[in-house]
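Form predicted alone, single chain, as structure tokens, below.
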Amino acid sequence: MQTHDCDVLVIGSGPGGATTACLLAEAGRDVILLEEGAHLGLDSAPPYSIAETTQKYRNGGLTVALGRTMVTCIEGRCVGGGSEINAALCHWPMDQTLEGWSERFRIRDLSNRSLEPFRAEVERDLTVSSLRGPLDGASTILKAGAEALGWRSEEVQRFWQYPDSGDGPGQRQSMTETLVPRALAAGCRLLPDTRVIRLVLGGGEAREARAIHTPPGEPPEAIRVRFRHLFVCGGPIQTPLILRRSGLQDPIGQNLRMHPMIRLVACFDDPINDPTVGVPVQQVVAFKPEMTLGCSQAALPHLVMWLGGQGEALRERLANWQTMALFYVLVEGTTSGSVQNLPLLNEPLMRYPLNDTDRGRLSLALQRLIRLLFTAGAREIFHPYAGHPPLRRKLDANTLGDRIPHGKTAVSTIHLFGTCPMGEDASRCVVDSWGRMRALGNTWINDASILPDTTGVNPQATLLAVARRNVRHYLETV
């Protein structure tokens, strides 16, 4: 068995792990960054293609949380994690969100004011930018419909860098473009294609990580990594799985929170779909944080996915794909689920009981979105209620009911939280207010699993700022 030694081991290279590894390495710590997925970079496959899904998504994007209505949960599985596959939207949390977390979970020193220095660093290091040039077709539709209805909408800034010349589409500032290269330049050692099986524990601390390293085209090799301190940053699903496989139990893996999401396809008379623009940046924010209306990437494979159930008519409809666009509703979930291990299979057993409040919010958000799209000129809308015909007029939205039907609606999420919440309420908080575990004195968690509840906005910016806050506290106090 090959052995590696380091001062600090960081498990997981998404936004939380990349931030942790970068700041610790630049502070002179001997860091190993361990990642289950491959080290690929943004140019390894066309964005939002089937090839990218195969390369960079866990299970091809088909991890499921069980319940009367199943929720498909999308995870990145590559160096850089979710930052390599998401829309790179930068949206800071609302004051009421952080105030609510602090009160309910007794989190110390957490507010937009206390995060301001870290927010400034994030915006500088990841080049937060506004869109250059005109809005894409879907964003223009969303903005026009919102204005006609008197609903506030806005462009959401992105982690994006444009050429100094001002020409060209620019580049998403994912972790493989920013913090991972900085960590490596500062001496961090990266071990991709390496899956942690369990932690070896003793004396109230984690001693070493046992893992399987599988380089491309080579047989798997068992390795161990010994460390003085450990940061677990595998995300809201993988972090609790690693800890539970290592013998730790509740409340780890409880309190799973999410933003349930539903997409629909809207058809217009004129072409509006240009898949080269990436994910549109306009959102209706009038109803935040409870619900958001927005636009999705609408490349042809995505349209095929969300036009499922059209049978023989699918080919005919796709002949006019350039007149179609994808839109979504996203709501704050109000219930809690769980993440546990499936014995022998090394896969998560996830449960999320989509409750009546969640279903009602999704239905109301869908009706608002449908009203907006017809107001903006849609001639036909394909929504995700199984067996329900397409909508062709604004009043048809009234037939959808007060709650989405259980088991007959395609619900997904890309925003998960809360399985190892931070705070001083020891009865339910796995880590303290700065991410240090109560069960293991030399172990910290620094990913979205510590965000105790939904953010109500795209969460990457919140996580990046909180992760910096926690690493600074570690460097100052340990």
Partner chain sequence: MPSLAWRVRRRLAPVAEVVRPTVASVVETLVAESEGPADPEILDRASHTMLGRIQAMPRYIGLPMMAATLAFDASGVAFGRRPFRFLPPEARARVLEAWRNAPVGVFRTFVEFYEKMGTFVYFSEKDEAAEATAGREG
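Residue numbers count along the first chain shown, from 1. This is a predicted model, so every value here is computed, not measured.
There is another form of this protein, the form predicted together with its partner chain, and it is not shown here; the text below is about that form.
Interface residue remark: H302 is counted as part of the site for its partner chain in the model of the complex, having a heavy atom within 4.5 Å. Using a 4.5 angstroms limit between non-hydrogen atoms, E121 is distant from its partner chain in the model of the complex. Although the partner is absent here, T413 sits far enough away that none of its heavy atoms falls within 4.5 Å of its partner chain in the model of the complex. Remark: M94 does not count among the residues lining its partner chain in the model of the complex, judged by a heavy atom distance of 4.5 Å or less. A single residue from the set Y328, F227, F268, F382 has any heavy atom within 4.5 angstroms of its partner chain in the model of the complex; that residue is Y328. Interface residue among G168, P220, G187, G401, judged by heavy atoms within 4.5 Å of its partner chain in the model of the complex: P220. Per the 4.5 Å heavy atom criterion, its partner chain in the model of the complex is contacted by stretch 255-263, the sole one of 255-263, 227-235, 178-186, 372-380. Highlighted residues I50, V64 and L89: every one comes within 4.5 Å of its partner chain in the model of the complex, counting any heavy atom. Along 342-374, a non-hydrogen atom within 4.5 Å of its partner chain in the model of the complex is carried by L342, L344, L345, E347, P348, L349, M350, in order along the sequence.
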